[in-house]
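There is one chain below, alone, in structure tokens, taken in the form predicted alone.
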């Protein structure tokens, strides 16, 4: 059977449209979720290529799914029905404008590359998702990615000045942040409102000095109280990372770094700035709060020692892979004051289901990553999914949200019905229907189920 995208293949030229089953099969998954094989994959090199792809998909009545480096952890870039996938890995144009402290990056630019290119000009791009060595700015825009630095420096959306976007009809728009903030609306929309092909982002000078501290606590309650006390005292650390006892044990089993196995919680904190006295004063505030809460504190005196302390946090992913081959990486965010209860309730859920479960995250802004470890050959996937749902409910019951930085995607879409009231759900669908009336942009992601009374008026493709 001739593919409906054979004409597109001829139009764009060799190597830009993949139609063979083997080539398309590589585009049905992201960092954690599997979907279906797309009908075709387009590898655009220009915005004109994207326009042609979107228009071909519209003519065929086929959904369009945008995709970056596939490092996402919520299924946001995974096609769930026969679709056209637009993979942005060849759109890697990057221009630094030091006089304006801005960078213009096409969607396929690897996140770390922006700072690498800006650093010779005395500038950096602060957002630092854990995947920043492989993830692309387009994916970061779609998920509004965060990272360890977001407590002090903010998330992706805080640095975006404007975007170039291709809409569902194949029209190109250049959006700033004037009048209605349509740029803000697109950021975090997970490709459900348009395909962002380029972004103008803000750059800042890097901090000149930093200090690092590691602290262990005998209870999560003491750890959370210490963090709150440090913040209340005026400290705004660059990074405040948390690991629970199970996570400490997993890393210690993996590398034997000399971490305190008996500890219930481990904290890693960086303070930074341009004035060494202020950086040290802020670290002293943190240290005093941690000691007052009974923490055992260890300071790094050199950059080498600081790197050694951070090795524990950087080793979490490979350490967990030794326990079970797969993991479901939850991404809830809760008020800092509720962390002790939330961590305890999630730990109890792991014990109830008999599945290994570790918790870590960016505790400064309450972003917690409970990881359910499992082996599909021996563990029941339905139980894993049910446990993930109950973890989501714990977050909501404590005033939290379903995602701090990974997005909703397909993994947590069904949980949105618990998180969003009917009036808000209707508003979300009104926006979706206004910008994507045929519902072809990354369907089955992000939004809660369409309210029943809107079904009759919806224009189906």
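Remember, predicted model here, so these are calculated numbers, not experimental data. Numbering follows the first chain given and starts at 1.
Omitted here: the form predicted together with a small molecule. The next part is about that form.
- You can rule out all but one of 388 to 396, 402 to 410, 427 to 435, 39 to 47: in the predicted complex, only 402 to 410 has residues with a heavy atom within 4.5 Å of the small molecule.
- When you look in the predicted complex, the only residue of 245, 148, 366, 295 with a non-hydrogen atom within 4.5 Å of the small molecule is 148.
- The listed set 135, 371, 216, 212 contains one residue whose heavy atoms approach the small molecule in the predicted complex to within 4.5 Å, identified as 135.
- Residue contact with the small molecule in the predicted complex: residue 143 places a heavy atom within 4.5 Å of it.
- In the predicted complex, residue 195 approaches the small molecule with a heavy atom inside 4.5 Å.
- Taking non-hydrogen atoms only, residue 237 never approaches the small molecule to within 4.5 angstroms in the predicted complex.
- Proximity of residue 105 to the small molecule in the predicted complex falls outside the 4.5 Å heavy atom cutoff.
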